[in-house]
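Take a look at this single chain, the form predicted alone, given in structure tokens.
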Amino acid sequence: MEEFPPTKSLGRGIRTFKPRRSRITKSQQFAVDNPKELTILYQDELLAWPTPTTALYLDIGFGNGVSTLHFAEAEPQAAFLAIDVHTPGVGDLLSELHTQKITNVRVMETDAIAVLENMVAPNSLAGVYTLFPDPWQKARHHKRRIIQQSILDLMHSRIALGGFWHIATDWAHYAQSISELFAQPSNQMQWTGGEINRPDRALTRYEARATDEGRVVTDFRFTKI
């Protein structure tokens, strides 16, 4: 099983994801094995990218990278750090970056929380995207949700003033818990925003399936104040 760096924001051994083993295609494996400087390895020191400095966005849990590609193409002058733990999806994104010759994205296959803690400087992110994170539906697993107070505090420390955290979920109970968390008085002093209409972003296979199955997608955008 993949070894991931330790984190401090969650309890010992707690992860916001469940590592999965699945088959990887030859094209995905080739892209992973030949990243052509499009990947960044985890290390306990601050990012040395982008250079020169430009607006940096973080895309946590990018799936097969469709949304990341859309964001990167829409803002070619900005930089996007895409993080996921699923190797086939990493291969998909790297393959498309190669094919489309997109150079303003870097990919990491690791725990995004550890990256936020140890590689992202305070007040440095222009925005963060967390689209369709694992809802961890059972109550005993809620401690694994990425939208919780300790991560909220970490995210606030890393996002620049006026920067945003964009969240989307297709699970009503998760949307309710997100609304309630950001409505806490202490969080209202640090964030403004809430539920928004669906913005211009790529339609992923996951979102399409959720809609087909009758689940309503809720988008949130919160801005650091």
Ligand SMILES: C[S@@+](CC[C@H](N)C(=O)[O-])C[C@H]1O[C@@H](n2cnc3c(N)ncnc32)[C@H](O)[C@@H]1O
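Keep in mind it's a predicted model, so treat the numbers as computed, not measured. Each residue number is its position in the shown sequence, starting from 1.
Although it is not shown, the form predicted together with the ligand is what the next lines describe.
Practice task
Choose from 117-125, 72-80, 85-93, 99-107 the stretch whose residues reach within 4.5 Å of the ligand in the predicted bound form, heavy atoms counted.
Solution key: Within 4.5 Å of the partner lies stretch 85-93.
Exercise for the section: Using heavy atoms only and a 4.5 Å cut-off, decide whether all three of T16, G61 and Y206 touch the ligand in the predicted bound form. Expected result: All three within 4.5 Å in the predicted bound form.
Practice task
Evaluate A112 for contact with the ligand in the predicted bound form, applying a 4.5 angstroms cut-off between non-hydrogen atoms, and reply yes or no.
Solution key: A112: contacts the ligand in the predicted bound form.
Exercise for the section: Classify L131 as contacting or not contacting the ligand in the predicted bound form by the rule of any non-hydrogen atom within 4.5 angstroms, answering yes or no. Expected result: Flag for L131 set to yes.
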